[in-house]
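Only one chain is given next, in structure tokens, and it is the form predicted on its own.
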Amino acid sequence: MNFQLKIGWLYPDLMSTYGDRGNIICLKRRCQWRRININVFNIDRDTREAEIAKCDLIMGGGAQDRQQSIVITDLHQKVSIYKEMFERGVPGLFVCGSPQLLGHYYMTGDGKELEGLGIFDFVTRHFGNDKPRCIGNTVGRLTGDWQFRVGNLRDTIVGFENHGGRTYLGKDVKPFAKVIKGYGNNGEDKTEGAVYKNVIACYFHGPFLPKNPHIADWLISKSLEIRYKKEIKLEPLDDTLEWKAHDFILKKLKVYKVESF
């Protein structure tokens, strides 16, 4: 059977500030190596909901406050289709600034409150000069049932963060990871990102997936499962270089043994 996937990339002209294109390239290559037909579909302000509904995976990247203000207006007009897709299990990966638009609101650095989509139970506030930016290499340990989801490969994620906004989770949302090194959501409670059904939100911005092949493959396999309504086992790839890049960050930050959440 020739498997196919369609990736919906949100506003690549406005939300690809920090090399987030690398996540798209990573997914595309990993599909091609497995002979999975892959189509990357750019979602912009002119895209109709019927076209968005055909996507098997939604990807969102980083942006500055000005671009996020433009994007959120269009997202509100199409929020119903995204909520419907995520409720039925369509996966998503939102990195850097894009998760801030999925909560209840985002308070920008100049005090403007952008109403979010309300998909995640969290709020994000930018404290301006009152608090420093959260910048640097970071390591997290996957929480909840993620060890089961990704198998026995690794329970760590590595990446780079650079954000002024600080996200505070509500009681109805689970974190994606526990911060081992770095700031995470807010630099206070050791949480990193959030998970709703098969949608991941995190501050590990692009390119995040090349150094975390277990997350990339989980997104691919879950997208195939939802599209074809059955579990599909992915052909294994030689990820020697990917894991060397992953382990380099662990060693650089002197993470030798990861504690339990």
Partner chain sequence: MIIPLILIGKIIRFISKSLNLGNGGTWPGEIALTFNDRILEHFVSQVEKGVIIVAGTNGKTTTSLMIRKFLEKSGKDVKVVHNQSGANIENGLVSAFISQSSAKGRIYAKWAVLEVDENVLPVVLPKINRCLDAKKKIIVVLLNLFRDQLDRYGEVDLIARKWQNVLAHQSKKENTTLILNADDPLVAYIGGKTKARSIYFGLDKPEVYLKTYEHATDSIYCPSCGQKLDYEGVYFSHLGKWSCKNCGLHRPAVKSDVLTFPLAGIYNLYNSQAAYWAAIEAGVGTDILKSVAVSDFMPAFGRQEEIEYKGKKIKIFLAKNPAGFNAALRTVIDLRLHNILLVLNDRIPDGRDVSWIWDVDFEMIPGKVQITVSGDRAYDVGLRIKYTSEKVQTANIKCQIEENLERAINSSTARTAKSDVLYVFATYSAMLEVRKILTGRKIL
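Numbering follows the first chain given and starts at 1. Note that the structure is predicted; figures quoted are calculated from it, not measured.
Keep in mind the form predicted together with its partner chain is missing from the figure; the text below concerns it.
Residue-level contacts in the model of the complex: of Ile226, Ile70, Ala53, Leu234, one residue has a heavy atom within 4.5 Å of its partner chain, and it is Ile70. For the three marked residues, Arg45, Ile135 and Thr240, a heavy atom of each sits within 4.5 Å of its partner chain in the model of the complex.
Contact annotation for Tyr82: none of its heavy atoms lies within 4.5 Å of its partner chain in the model of the complex. Contact between Lys230 and its partner chain in the model of the complex is not found at the 4.5 Å heavy atom cutoff. Phe86 falls outside the set of residues with a heavy atom inside 4.5 Å of its partner chain in the model of the complex.
Interface residue remark: Asp65 is counted as part of the site for its partner chain in the model of the complex, having a heavy atom within 4.5 Å. For the partner-free chain shown, Ile25, Cys26, Arg29, Arg30, Gln32, Trp33 of 24-44 come within 4.5 angstroms of its partner chain in the model of the complex, judged by any non-hydrogen atom. Here's the thing about Asp130 and Lys171: their CA atoms end up at least 3 Å farther apart in the model of the complex than they are in this form.
Compared with the form shown here, the C-alpha atoms of Asp130 and Lys190 sit at least 3 Å farther apart in the model of the complex.
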